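For reference, the chain that follows is the form predicted alone, supplied as C-alpha coordinates.
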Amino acid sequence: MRLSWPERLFNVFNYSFFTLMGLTTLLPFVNLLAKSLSSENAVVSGRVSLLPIDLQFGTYRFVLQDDAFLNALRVSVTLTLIGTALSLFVTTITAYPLSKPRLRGRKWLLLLFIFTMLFSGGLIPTYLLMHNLNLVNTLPVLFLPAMVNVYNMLIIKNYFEGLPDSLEESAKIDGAGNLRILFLIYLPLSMPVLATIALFFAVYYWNDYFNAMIYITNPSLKPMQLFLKELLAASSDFIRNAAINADAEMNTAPQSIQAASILVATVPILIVYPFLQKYFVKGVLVGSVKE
(Lines give C-alpha, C1' and ligand atoms only; values in the text may rest on other atoms or scores of the structure.)
Protein backbone atom coordinates (compact mmCIF):
# COMPACT_ATOMS: atom_id res chain seq x y z
CA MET A 1 0.00 0.00 0.00
CA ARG A 2 1.36 3.37 -1.01
CA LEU A 3 1.72 5.78 1.88
CA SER A 4 0.76 9.42 1.66
CA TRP A 5 3.22 12.20 2.45
CA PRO A 6 1.81 12.86 5.93
CA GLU A 7 2.08 9.14 6.70
CA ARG A 8 5.68 9.02 5.44
CA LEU A 9 6.54 12.11 7.45
CA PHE A 10 4.96 10.51 10.51
CA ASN A 11 7.00 7.31 10.00
CA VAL A 12 10.23 9.31 9.61
CA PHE A 13 9.48 11.14 12.83
CA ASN A 14 8.72 7.88 14.64
CA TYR A 15 11.91 6.15 13.45
CA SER A 16 14.01 9.20 14.31
CA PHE A 17 12.46 9.62 17.72
CA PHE A 18 12.78 5.97 18.76
CA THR A 19 16.31 5.74 17.35
CA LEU A 20 17.25 8.74 19.48
CA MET A 21 15.58 7.20 22.52
CA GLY A 22 17.43 3.91 21.93
CA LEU A 23 20.78 5.67 21.67
CA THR A 24 20.00 7.64 24.83
CA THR A 25 19.61 4.41 26.79
CA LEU A 26 22.53 2.63 25.08
CA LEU A 27 25.21 5.31 25.24
CA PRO A 28 25.71 5.19 29.04
CA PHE A 29 26.49 1.46 28.79
CA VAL A 30 28.94 2.10 25.93
CA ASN A 31 30.63 4.79 28.03
CA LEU A 32 30.89 2.40 31.01
CA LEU A 33 32.36 -0.31 28.77
CA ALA A 34 34.92 2.14 27.35
CA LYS A 35 35.94 3.27 30.84
CA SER A 36 36.28 -0.28 32.10
CA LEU A 37 38.63 -1.16 29.21
CA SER A 38 40.74 2.03 29.26
CA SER A 39 43.98 2.76 31.06
CA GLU A 40 44.14 4.72 34.29
CA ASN A 41 45.67 7.84 32.70
CA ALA A 42 42.99 8.00 30.00
CA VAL A 43 40.12 7.64 32.50
CA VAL A 44 41.52 10.07 35.07
CA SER A 45 42.26 12.71 32.41
CA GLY A 46 38.66 12.45 31.14
CA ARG A 47 39.60 11.45 27.58
CA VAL A 48 37.35 8.38 27.46
CA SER A 49 33.93 8.80 25.85
CA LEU A 50 32.61 5.95 23.68
CA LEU A 51 35.80 4.11 22.68
CA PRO A 52 38.43 2.63 25.03
CA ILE A 53 41.87 4.24 25.08
CA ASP A 54 44.99 2.13 25.78
CA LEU A 55 43.01 -1.10 25.90
CA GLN A 56 43.47 -3.26 29.02
CA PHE A 57 41.47 -6.06 30.71
CA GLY A 58 42.99 -5.90 34.20
CA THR A 59 39.87 -4.25 35.59
CA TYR A 60 37.67 -7.25 34.82
CA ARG A 61 40.33 -9.60 36.23
CA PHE A 62 40.29 -7.59 39.46
CA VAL A 63 36.47 -7.52 39.66
CA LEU A 64 36.03 -11.22 38.92
CA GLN A 65 38.66 -12.16 41.53
CA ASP A 66 37.15 -9.96 44.23
CA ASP A 67 35.62 -12.22 46.90
CA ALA A 68 33.10 -9.59 48.03
CA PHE A 69 31.86 -9.10 44.47
CA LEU A 70 31.54 -12.83 43.82
CA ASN A 71 29.72 -13.35 47.12
CA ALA A 72 27.27 -10.54 46.29
CA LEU A 73 26.74 -12.08 42.86
CA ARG A 74 25.97 -15.48 44.42
CA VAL A 75 23.48 -13.89 46.84
CA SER A 76 21.73 -12.03 44.01
CA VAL A 77 21.51 -15.13 41.80
CA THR A 78 20.15 -17.21 44.71
CA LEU A 79 17.70 -14.50 45.71
CA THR A 80 16.47 -14.05 42.14
CA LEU A 81 15.97 -17.77 41.50
CA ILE A 82 14.29 -18.60 44.81
CA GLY A 83 12.30 -15.37 45.01
CA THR A 84 11.04 -15.58 41.42
CA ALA A 85 10.01 -19.24 41.70
CA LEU A 86 8.21 -18.84 45.04
CA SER A 87 6.59 -15.53 44.13
CA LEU A 88 5.32 -16.86 40.80
CA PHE A 89 3.92 -19.97 42.49
CA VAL A 90 2.16 -18.14 45.34
CA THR A 91 0.86 -15.37 43.06
CA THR A 92 -0.53 -17.94 40.61
CA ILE A 93 -2.33 -20.07 43.18
CA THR A 94 -3.76 -16.84 44.63
CA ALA A 95 -5.01 -15.66 41.25
CA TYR A 96 -6.71 -18.92 40.29
CA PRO A 97 -9.51 -19.01 42.91
CA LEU A 98 -10.02 -15.24 42.59
CA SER A 99 -10.67 -15.72 38.87
CA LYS A 100 -13.72 -17.90 39.63
CA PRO A 101 -17.05 -16.04 40.07
CA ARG A 102 -18.34 -18.95 42.15
CA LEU A 103 -15.88 -18.14 44.96
CA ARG A 104 -17.84 -16.83 47.94
CA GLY A 105 -16.79 -13.34 49.03
CA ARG A 106 -14.72 -12.89 45.89
CA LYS A 107 -15.42 -9.17 45.57
CA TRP A 108 -14.49 -8.48 49.20
CA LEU A 109 -11.31 -10.51 48.90
CA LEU A 110 -10.35 -8.57 45.78
CA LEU A 111 -11.01 -5.30 47.60
CA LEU A 112 -8.76 -6.43 50.46
CA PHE A 113 -5.94 -7.28 48.05
CA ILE A 114 -6.32 -3.97 46.22
CA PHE A 115 -6.33 -2.13 49.55
CA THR A 116 -2.95 -3.63 50.41
CA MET A 117 -1.67 -2.54 47.00
CA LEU A 118 -2.71 1.07 47.62
CA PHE A 119 -1.81 1.32 51.32
CA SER A 120 1.11 -0.29 53.14
CA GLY A 121 1.86 -0.63 56.83
CA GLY A 122 4.82 1.74 56.64
CA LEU A 123 8.54 1.20 56.93
CA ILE A 124 8.92 1.13 60.73
CA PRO A 125 5.99 -1.25 61.46
CA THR A 126 7.19 -3.52 58.68
CA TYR A 127 10.72 -3.54 60.08
CA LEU A 128 9.44 -4.29 63.58
CA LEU A 129 7.37 -7.16 62.19
CA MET A 130 10.38 -8.64 60.39
CA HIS A 131 12.49 -8.19 63.54
CA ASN A 132 9.90 -9.92 65.74
CA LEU A 133 9.76 -12.79 63.26
CA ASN A 134 13.58 -13.11 63.53
CA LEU A 135 13.92 -12.53 59.79
CA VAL A 136 16.34 -9.59 59.96
CA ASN A 137 19.75 -10.53 58.55
CA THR A 138 18.36 -13.60 56.80
CA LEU A 139 17.87 -14.21 53.08
CA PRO A 140 14.07 -14.90 53.35
CA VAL A 141 13.47 -11.32 54.53
CA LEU A 142 14.34 -10.20 51.00
CA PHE A 143 11.61 -12.22 49.28
CA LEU A 144 8.94 -13.18 51.85
CA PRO A 145 7.37 -9.66 52.11
CA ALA A 146 7.15 -9.48 48.31
CA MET A 147 5.85 -13.01 47.80
CA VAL A 148 2.45 -11.85 46.50
CA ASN A 149 2.41 -8.84 44.20
CA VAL A 150 -1.21 -7.71 43.80
CA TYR A 151 -0.64 -6.02 40.45
CA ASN A 152 0.90 -9.17 38.98
CA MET A 153 -1.80 -11.30 40.61
CA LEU A 154 -4.52 -9.25 38.90
CA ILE A 155 -2.83 -9.72 35.52
CA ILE A 156 -2.76 -13.50 35.97
CA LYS A 157 -6.34 -13.49 37.28
CA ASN A 158 -7.58 -11.61 34.22
CA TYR A 159 -5.71 -14.04 31.98
CA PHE A 160 -7.37 -17.02 33.69
CA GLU A 161 -10.78 -15.36 33.28
CA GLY A 162 -10.16 -15.16 29.54
CA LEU A 163 -9.75 -18.92 29.20
CA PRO A 164 -12.90 -20.80 28.06
CA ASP A 165 -15.09 -22.16 30.86
CA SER A 166 -15.72 -25.26 28.74
CA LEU A 167 -12.15 -26.43 29.45
CA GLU A 168 -12.84 -26.55 33.18
CA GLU A 169 -16.29 -28.09 32.70
CA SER A 170 -14.88 -30.86 30.49
CA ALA A 171 -12.12 -31.59 32.97
CA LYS A 172 -14.59 -31.79 35.85
CA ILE A 173 -16.75 -34.22 33.90
CA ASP A 174 -13.63 -36.40 33.55
CA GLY A 175 -13.16 -36.26 37.32
CA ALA A 176 -10.37 -33.65 37.59
CA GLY A 177 -10.13 -31.52 40.74
CA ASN A 178 -9.18 -27.86 41.05
CA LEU A 179 -5.43 -28.49 41.47
CA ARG A 180 -5.35 -30.84 38.48
CA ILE A 181 -7.25 -28.33 36.36
CA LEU A 182 -4.88 -25.55 37.41
CA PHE A 183 -1.58 -27.37 36.91
CA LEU A 184 -2.44 -29.58 33.91
CA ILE A 185 -4.80 -27.35 31.94
CA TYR A 186 -4.58 -23.70 32.94
CA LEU A 187 -0.83 -23.31 33.48
CA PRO A 188 0.26 -24.89 30.15
CA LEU A 189 -2.15 -22.49 28.39
CA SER A 190 -0.85 -19.50 30.35
CA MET A 191 2.84 -19.56 29.44
CA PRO A 192 2.89 -16.01 27.95
CA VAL A 193 1.54 -14.35 31.07
CA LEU A 194 3.56 -16.60 33.42
CA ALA A 195 6.79 -15.85 31.55
CA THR A 196 6.02 -12.13 31.68
CA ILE A 197 5.28 -12.16 35.40
CA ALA A 198 8.39 -14.27 36.02
CA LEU A 199 10.42 -11.60 34.24
CA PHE A 200 8.78 -8.89 36.37
CA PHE A 201 9.72 -10.75 39.55
CA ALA A 202 13.25 -11.58 38.35
CA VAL A 203 14.00 -7.95 37.48
CA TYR A 204 12.55 -6.80 40.81
CA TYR A 205 14.65 -9.19 42.88
CA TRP A 206 17.80 -8.56 40.85
CA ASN A 207 17.55 -4.77 41.08
CA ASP A 208 16.23 -4.48 44.63
CA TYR A 209 18.66 -2.90 47.06
CA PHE A 210 16.36 -0.95 49.37
CA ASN A 211 15.11 -3.96 51.35
CA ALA A 212 18.65 -5.25 51.71
CA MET A 213 19.79 -1.82 52.90
CA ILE A 214 17.06 -1.86 55.59
CA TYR A 215 17.21 -5.48 56.75
CA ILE A 216 20.73 -6.75 55.98
CA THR A 217 23.89 -5.81 57.86
CA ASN A 218 25.73 -9.12 57.47
CA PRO A 219 28.28 -8.60 54.63
CA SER A 220 27.93 -12.21 53.48
CA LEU A 221 24.19 -11.66 52.77
CA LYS A 222 24.45 -8.40 50.85
CA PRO A 223 23.09 -8.72 47.27
CA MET A 224 24.77 -7.26 44.22
CA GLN A 225 22.83 -4.01 44.03
CA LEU A 226 23.65 -3.11 47.63
CA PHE A 227 27.28 -4.02 47.00
CA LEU A 228 27.33 -1.71 43.96
CA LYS A 229 25.68 1.08 45.92
CA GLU A 230 28.35 0.85 48.60
CA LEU A 231 31.07 0.57 45.95
CA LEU A 232 29.87 3.75 44.22
CA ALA A 233 29.64 5.53 47.56
CA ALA A 234 33.11 4.40 48.65
CA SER A 235 35.95 6.84 48.31
CA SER A 236 38.31 6.51 45.37
CA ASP A 237 41.19 5.99 47.78
CA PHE A 238 39.51 2.93 49.24
CA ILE A 239 39.04 1.37 45.79
CA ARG A 240 42.54 2.40 44.78
CA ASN A 241 44.07 0.70 47.79
CA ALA A 242 42.07 -2.45 47.11
CA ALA A 243 43.24 -2.49 43.50
CA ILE A 244 46.86 -1.95 44.49
CA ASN A 245 46.67 -4.75 47.03
CA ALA A 246 45.22 -7.07 44.41
CA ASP A 247 47.76 -6.33 41.71
CA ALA A 248 50.52 -3.79 42.09
CA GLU A 249 51.08 -3.53 38.34
CA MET A 250 47.45 -3.16 37.34
CA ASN A 251 46.92 0.00 35.32
CA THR A 252 43.33 0.81 36.22
CA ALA A 253 41.48 3.75 37.76
CA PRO A 254 38.79 3.50 40.49
CA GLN A 255 36.22 4.69 37.94
CA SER A 256 37.17 1.72 35.74
CA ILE A 257 36.58 -0.71 38.60
CA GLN A 258 33.18 0.86 39.29
CA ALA A 259 32.24 0.70 35.58
CA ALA A 260 33.36 -2.94 35.25
CA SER A 261 31.44 -3.92 38.40
CA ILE A 262 28.24 -2.31 37.10
CA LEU A 263 28.55 -4.01 33.70
CA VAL A 264 29.31 -7.44 35.14
CA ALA A 265 26.33 -7.09 37.50
CA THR A 266 24.02 -6.03 34.66
CA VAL A 267 24.86 -8.78 32.17
CA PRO A 268 23.05 -11.72 33.90
CA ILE A 269 19.64 -10.02 33.94
CA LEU A 270 20.12 -8.78 30.36
CA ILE A 271 20.69 -12.37 29.24
CA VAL A 272 17.21 -13.30 30.51
CA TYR A 273 15.39 -10.77 28.30
CA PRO A 274 15.88 -12.40 24.85
CA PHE A 275 14.45 -15.70 26.09
CA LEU A 276 11.29 -14.09 27.52
CA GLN A 277 10.81 -11.18 25.13
CA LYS A 278 8.55 -13.17 22.77
CA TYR A 279 6.06 -13.63 25.63
CA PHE A 280 6.36 -10.13 27.00
CA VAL A 281 3.92 -8.03 24.92
CA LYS A 282 1.36 -10.80 24.49
CA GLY A 283 1.43 -11.71 28.17
CA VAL A 284 0.88 -8.18 29.40
CA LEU A 285 -1.81 -7.29 26.85
CA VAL A 286 -3.85 -10.47 27.17
CA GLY A 287 -3.56 -10.47 30.94
CA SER A 288 -4.39 -6.80 31.36
CA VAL A 289 -7.38 -6.46 29.01
CA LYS A 290 -10.73 -7.85 30.07
CA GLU A 291 -13.39 -8.23 27.39
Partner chain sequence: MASREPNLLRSPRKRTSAWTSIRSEWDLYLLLVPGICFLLLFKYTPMYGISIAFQDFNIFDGMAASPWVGFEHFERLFTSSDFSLVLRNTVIISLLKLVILFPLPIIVAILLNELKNMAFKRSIQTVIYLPHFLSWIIVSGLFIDLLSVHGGIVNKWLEQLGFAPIAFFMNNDYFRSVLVATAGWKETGWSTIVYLAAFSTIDPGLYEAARMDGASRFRQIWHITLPGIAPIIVLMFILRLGSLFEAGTEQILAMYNPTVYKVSDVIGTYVYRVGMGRQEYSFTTAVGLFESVIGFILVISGNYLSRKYLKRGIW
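Predicted, not measured: the structure shown is a model, and the values here were computed from it. Residue numbers count along the first chain shown, from 1. Here, rigid core means the biggest group of C-alpha atoms that superpose within 1.5 Å across both forms.
What comes next is about the form predicted together with the partner chain, which is not displayed.
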| property | result |
| --- | --- |
| Contact at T24, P28 and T266 by the partner chain in the model of the complex, all three, heavy atom at most 4.5 Å | yes |
| Interface membership of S39, the partner chain in the model of the complex, 4.5 Å heavy atom rule | no |
| 4.5 angstroms heavy atom contact with the partner chain in the model of the complex for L118 | yes |
| Proximity of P188 to the partner chain in the model of the complex, heavy atoms at 4.5 Å | no |
| Contact label in the model of the complex: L79 to the partner chain, heavy atom within 4.5 Å | no |
| Members of 198 to 227 lying within 4.5 angstroms of the partner chain, judged by heavy atom, in the model of the complex | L199, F200, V203, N207, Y209, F210, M213, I214, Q225 |
| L9 C-alpha relocation of at least 2 Å between the shown form and the other one, rigid core basis | yes |
